[in-house]
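Only one chain comes next, encoded as structure tokens, the form predicted on its own.
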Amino acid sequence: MKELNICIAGLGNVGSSLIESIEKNNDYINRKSSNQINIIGISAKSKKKKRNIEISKYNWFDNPVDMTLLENCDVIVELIGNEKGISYELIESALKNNKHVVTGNKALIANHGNYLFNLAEYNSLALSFEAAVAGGIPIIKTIKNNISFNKIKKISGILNGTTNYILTKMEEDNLSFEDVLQIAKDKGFTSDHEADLDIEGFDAAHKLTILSTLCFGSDLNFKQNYIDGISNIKIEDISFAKNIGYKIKLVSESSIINGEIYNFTSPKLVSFNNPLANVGDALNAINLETDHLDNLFLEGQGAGGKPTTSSVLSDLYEISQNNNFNNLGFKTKDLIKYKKFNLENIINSYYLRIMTDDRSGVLSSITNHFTDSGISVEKILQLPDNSNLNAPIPIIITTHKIQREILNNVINKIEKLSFVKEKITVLPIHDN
């Protein structure tokens, strides 16, 4: 039997769940893998905090970095979650002291991963991060191992459970964004500290940065992302989208277009016929398109103690079974510094909501602007509010595929018309 000695830094939901799982399942782990996992050190911000696990039986370290100096430690599990600071210091020290690392820290990897992966590769160590993307969905190993020789064309999906829960709840219960955000906080899906990262799309974009590196061999560069969150999504848009056969989801997608990288996170209209439209609550889902697979769709729990623990355990298992580690699926020297694709050049279909005065000639004036610019309109709906004759009315338009720059030019012209009462809502329509 092989022993794997680990130290755990961070005893929140995931860290506590990891300890609990190892305590309950070590006999099963032994039988399945001939491995004995020993927890030889733990560390967290507060030793006195009340937890659902008994920590007195484990060696406590006030400074987690001190655990990297233990000669018999094989793996440091970093679950603190700071983008830099102590999390970065811990991982760097572990790799310099010949310790493998398992982490769920997507922000740190997306922003500072290039150096750390290079350091891990130089020292022939694992820097494993299955828990950093999509919770319990085994997307990292799927890309690196199961379809490693597939040439990936595009990856897209729902990468943040909090925003998916909010959009699902808004649709099902006809509640405002603000109301559902508070419900999400009350249920523990997000916190005041995490909410901005979730709802403004940054959390999903961190994960997309990692996935694009695995898929396309790009260097880890968070600045290559275009990011738009869900805070401006109105219940009206969710209702109008539903009426024309779509749901609104926060979709992240990455591809290489004309030799440049396109990383985009934004609310998008997703057709009822697309599996992504049926991903509800706080679930995550990812779709891969490759030269061998038209669509490989994975769905599951994207956050939480137990699902994320599942991914941490899978990394520990992989470390116990291997001596060679290709952490990113590419050698760090072969990572490509792609140029960022210009969003203005993207070609897509769009949904628009234009709030106007209820008077004659409005619709024809708007459609003339589209016709003059060569934009083909797929659907157009004018929805008067008979209960309030003085209220602006929404005009809903969906377009065929058009270059974003051309659409923006038309929108700028229409917004200057006297009968247009507010900024036009523009949402892309997901195309796979």
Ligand code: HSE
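This structure is a prediction, so every number in the text was calculated from the model and none was measured. Residue indices: 1-based, along the sequence shown. Take the two forms, superpose them, and find the largest set of C-alpha atoms that agree within 1.5 Å; that set is the rigid core.
Omitted from view is the form predicted in complex with the ligand, to which the following refers.
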{"property": "Stretch from 196-204, 232-240, 119-127, 266-274 whose residues place a heavy atom within 4.5 Å of the ligand in the model of the complex", "result": "196-204"}
{"property": "Partner contact for residue 160 in the model of the complex: the ligand, 4.5 angstroms, heavy atom", "result": "yes"}
{"property": "The ligand contact at residue 106 in the model of the complex, heavy atom, 4.5 Å", "result": "yes"}
{"property": "Proximity of residue 156 to the ligand in the model of the complex, heavy atoms at 4.5 Å", "result": "no"}
{"property": "The ligand contact in the model of the complex: residue 302, any heavy atom under 4.5 Å", "result": "yes"}
{"property": "Heavy atom within 4.5 Å of the ligand in the model of the complex - the one residue of 351, 189, 216, 246 that qualifies", "result": "189"}
{"property": "Cα displacement of residue 261 between this form and the one not shown reaching 2 Å, rigid core superposed", "result": "no"}
{"property": "C-alpha of residue 181 off by 2 Å or more between this form and the one not shown on rigid core", "result": "yes"}
